[in-house]
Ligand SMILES: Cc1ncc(COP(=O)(O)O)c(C=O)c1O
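Take a look at this single chain, the form predicted on its own, given in structure tokens.
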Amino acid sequence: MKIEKLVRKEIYELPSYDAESVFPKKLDEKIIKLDLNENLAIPSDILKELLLNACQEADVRRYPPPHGAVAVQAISEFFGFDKSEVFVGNGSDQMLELIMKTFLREQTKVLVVEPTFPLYTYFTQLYGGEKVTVFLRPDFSLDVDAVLKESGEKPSLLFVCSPNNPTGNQFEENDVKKVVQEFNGLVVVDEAYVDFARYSVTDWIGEFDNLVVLRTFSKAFGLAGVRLGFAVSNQSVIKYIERVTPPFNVNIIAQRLVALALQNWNYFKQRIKYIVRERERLRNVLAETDGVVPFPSDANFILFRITREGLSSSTVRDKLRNRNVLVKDKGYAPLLENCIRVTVGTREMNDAFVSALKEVLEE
């Protein structure tokens, strides 16, 4: 028997999602890793201390509190939500999948505002949804009329990443509100990078019953390796998401670690301010560099376009990699010809990136 006959059609036709990264070839090789929007501006020793404290408090012989109860308690108290309005998962990636499992029927329309985070498309295809692409305007702003035009009569799902990955900009608050107000279906606003931005829409959940807001501890808190994200919505939405989730989906270490991280918010807030300052400094340096044009950012990364004749974004990416500097090529995405995304790191990492980039541009 060919195993392909047993595989779901959606999976058989689905390309693997490749979170491409590069690891040192030698133990002593120094890599300037600015490709996956990890927060490397937080000293690892600080996070190791919190991790050790979380481990000391945990009895790993026991199953963790179901549905991440320790983390839910900490998050609800910190942000001022009722516990019934918060759900935690194994990273925002799992939260996206759980939303699809809960609300996506076969051939349900899923509106994806491109260019954006590719997992929205991945999970739409995985669960048999009908992807409808709505493009941003050339200035990367949200085309509200185009989104609402595609909403249609049948309830749909809409994913809006704000600040948007990879463009970096946070959409105008009034535009997002109009979409939530008038869209015929569930609106998922992904705020993975909101701690570096101007506003959050989490306070809207009491006003709109069709809104889900996603947040993560991977970016502002530097806990990408722990994998904990959460959703904020009304009690009905959270209740149905809970029904499709196994009870022990978040391990006890992750639950206790995020509770400790929230207790130390003042420290993380200072590191966020550091990243924002570095982001603006780096953008100014790029703006003064011949051969590149950076775009404004409300996130912990910057998108910039290669304008030097004869150079493509993929070529620049490869040349930087040869110098042990890792960035993300986004030139294949719509509206992003010859564009590269670079994570904002420490000042030393950012300066090393700029130095390598200038060498590549001047070759």
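In this text, residue numbers run from 1 along the sequence as written. Just so it is clear, the model here is predicted, and its values are computed rather than measured.
The same protein also exists as the form predicted together with the named molecule; that form is not shown, yet it is the one meant from here on.
- Although the partner is absent here, Val188 sits far enough away that none of its heavy atoms falls within 4.5 Å of the named molecule in the predicted complex.
- By the criterion of a heavy atom within 4.5 Å, Gly91 is counted among the residues contacting the named molecule in the predicted complex.
- Put simply, Ser218 is close to the named molecule in the predicted complex: some heavy atom of it is within 4.5 Å.
- Interface residue remark: Arg227 is counted as part of the site for the named molecule in the predicted complex, having a heavy atom within 4.5 Å.
- Relative to the named molecule in the predicted complex, residues Tyr120, Cys161 and Tyr193 are all within 4.5 Å by at least one heavy atom.
- Heavy atoms within 4.5 Å of the named molecule in the predicted complex are found in exactly one of 232-240, 179-187, 104-112, 210-218, that being 210-218.
- Of the residues given (Asn251, Ser156, Ser200, Asn165), Asn165 alone sits with a heavy atom within 4.5 Å of the named molecule in the predicted complex.
- Contact annotation for 294-323: no residue has a non-hydrogen atom within 4.5 angstroms of the named molecule in the predicted complex.
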